[in-house]
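Below you will find one chain, with nothing else, as structure tokens; this is the form predicted alone, and questions on how it binds or moves follow later.
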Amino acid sequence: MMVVTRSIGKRLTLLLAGVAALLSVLSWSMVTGLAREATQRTQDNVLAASATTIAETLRSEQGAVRLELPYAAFAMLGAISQDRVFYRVTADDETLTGYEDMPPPVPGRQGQVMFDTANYRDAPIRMASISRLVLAGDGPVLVTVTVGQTRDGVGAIAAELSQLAAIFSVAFFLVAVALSAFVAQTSLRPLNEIAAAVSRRGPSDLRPLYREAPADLAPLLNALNRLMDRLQQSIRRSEDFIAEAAHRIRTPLATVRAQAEIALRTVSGEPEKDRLRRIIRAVDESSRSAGQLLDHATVAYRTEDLARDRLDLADLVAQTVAAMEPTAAMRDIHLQVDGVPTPISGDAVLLESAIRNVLDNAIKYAPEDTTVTLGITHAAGAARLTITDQGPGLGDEPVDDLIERFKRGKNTESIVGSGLGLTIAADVLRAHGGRLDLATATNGSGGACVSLVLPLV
């Protein structure tokens, strides 16, 4: 029993989609981090430039440190956002100007800009500090300039860039999923082509499958060809066995029948004659079954490599009738052929076997001293050979059942038969693109009317 699971295409698509989702998340995370770092670095550079500009205006005047706040120092801070700006200038820890309650700067070397983040007036601010010595009064004075700015504008810019990165990541994911489905379908196309090539074959076509395939599918294709080769060899061995068995059986059966007929002529007691008649009947049934099993094996073998020769249906019928004439004459049955030359295409051996089996049934079931008619017609692109007898007919069961192997009508149980004749004929016609039609004769005799329908050339 085959257990169907999720298709390889869906698995491959989901796997590639998962990889695309992971890449999308990683790309969004990286872009967001880079955006935050870039905006932070931009703000730090502007804060450093502002603090440095203010520090460069420091001078000594009359022994005191003097400072003139340049407009440009604060204008450049407003260029990146509209955040609030705070500043503080101290000389030896005494506030010269600015916001006295600003957080203290981070200690650092003179002339080096130091950065820090703190909370001031309920808002996070970024601070840049720079220290330098100014000669004033009795000696140098350490002056520290601190400039701070809130981070709302920088955070908004980073959030906008992060949102834009998220949009691009989602778009990338959707495109990647579509491409993943296309790639999965394209990758599995050779496998689907191999499956389609196998499914288009008939049930008896076991030829190796030769077609281009990716290296990954080569082991599967080789294994499939080896399996078909082993199966074909097994079928041929079975057919050879059946043919050999039928041949081996028919010869001794003929000998047994001959001896039984001789014994039937020599015995005088009715019980002994009745037993010999039953023996002869059993031998006839066995011999007939062996012959039709051989025919069936031949049909199964030859349909794998069916010949397509140009033939004349009338010639095939004439040859078959000539071969069956002695059998019909033994029961005083006349074979009447009506028809014109009809071109067909097919295997002469198989078609002759089909005609012979149907005609043999007609002779076997027809009463003595009657006529079996063989009519050949053609119309609408089809050739039709109709064989009509005056026997017991097809019975009351469905006519399609009579084509099954070993299936016989209930009204023919007293007549020797194996139930393979119509099966052989139907298989041959099916292999040639035709069909076998069964009906009751319309001539008032109530017999069987079997039609072999084949396509015209």
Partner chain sequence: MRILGLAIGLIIWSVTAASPLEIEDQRVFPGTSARVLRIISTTDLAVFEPYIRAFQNDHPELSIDYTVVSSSTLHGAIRAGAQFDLAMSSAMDLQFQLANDGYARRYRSGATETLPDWARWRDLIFAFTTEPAVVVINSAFFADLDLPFTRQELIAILRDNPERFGGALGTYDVRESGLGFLFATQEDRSSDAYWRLNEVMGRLGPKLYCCSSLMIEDVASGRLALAYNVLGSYATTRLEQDQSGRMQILQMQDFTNVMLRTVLIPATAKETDAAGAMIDMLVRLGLRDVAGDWPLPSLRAAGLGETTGFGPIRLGPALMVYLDPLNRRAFVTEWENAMEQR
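Predicted model only: the values in this text are computed from it and were never measured. Numbering follows the first chain given and starts at 1.
The same protein also has a form predicted in complex with its partner chain, omitted here; what follows describes it.
Item to check | Contact test in the predicted complex: Asp83 vs its partner chain, heavy atoms, 4.5 Å | outcome: Heavy-atom contact with its partner chain at 4.5 Å: present for Asp83.
Checklist entry - Quick one: is Gly33 in contact with its partner chain in the predicted complex, heavy atoms, 4.5 Å cut-off? => result Result no; Gly33 lies far from its partner chain in the predicted complex.
Checklist entry - Would Ile376 count as a contact of its partner chain in the predicted complex, using a 4.5 angstroms cut-off between non-hydrogen atoms? => result No.
Checklist entry - Any chance Ala380 has a heavy atom within 4.5 Å of its partner chain in the predicted complex? => result No, Ala380 stays farther than 4.5 Å from its partner chain in the predicted complex.
Item to check | Contact test, all of Ser29, Gly155 and Phe168, partner its partner chain in the predicted complex, heavy atom 4.5 Å | outcome: Verified in the predicted complex; spot residues all out of contact, no.
Item to check | Proximity to its partner chain in the predicted complex (heavy atom, within 4.5 Å), stretch among 70-78, 221-229, 307-315, 337-345 | outcome: Going by heavy atoms within 4.5 Å, the stretch is 70-78.
Checklist entry - Taking its partner chain in the predicted complex as the reference, which of Leu161, Leu96, Val113, Ala176 has a non-hydrogen atom within 4.5 Å? => result The residue from Leu161, Leu96, Val113, Ala176 that makes the contact is Leu96.
Checklist entry - Can you pick the one in Arg121, Arg207, Arg236, Lys273 that has a heavy atom within 4.5 Å of its partner chain in the predicted complex? => result Checking each option against its partner chain in the predicted complex, the one that comes within 4.5 Å is Arg121.
Checklist entry - What are the residues of 168-200, in order along the chain, with a heavy atom within 4.5 Å of its partner chain in the predicted complex? => result Contacts from 168-200: none.
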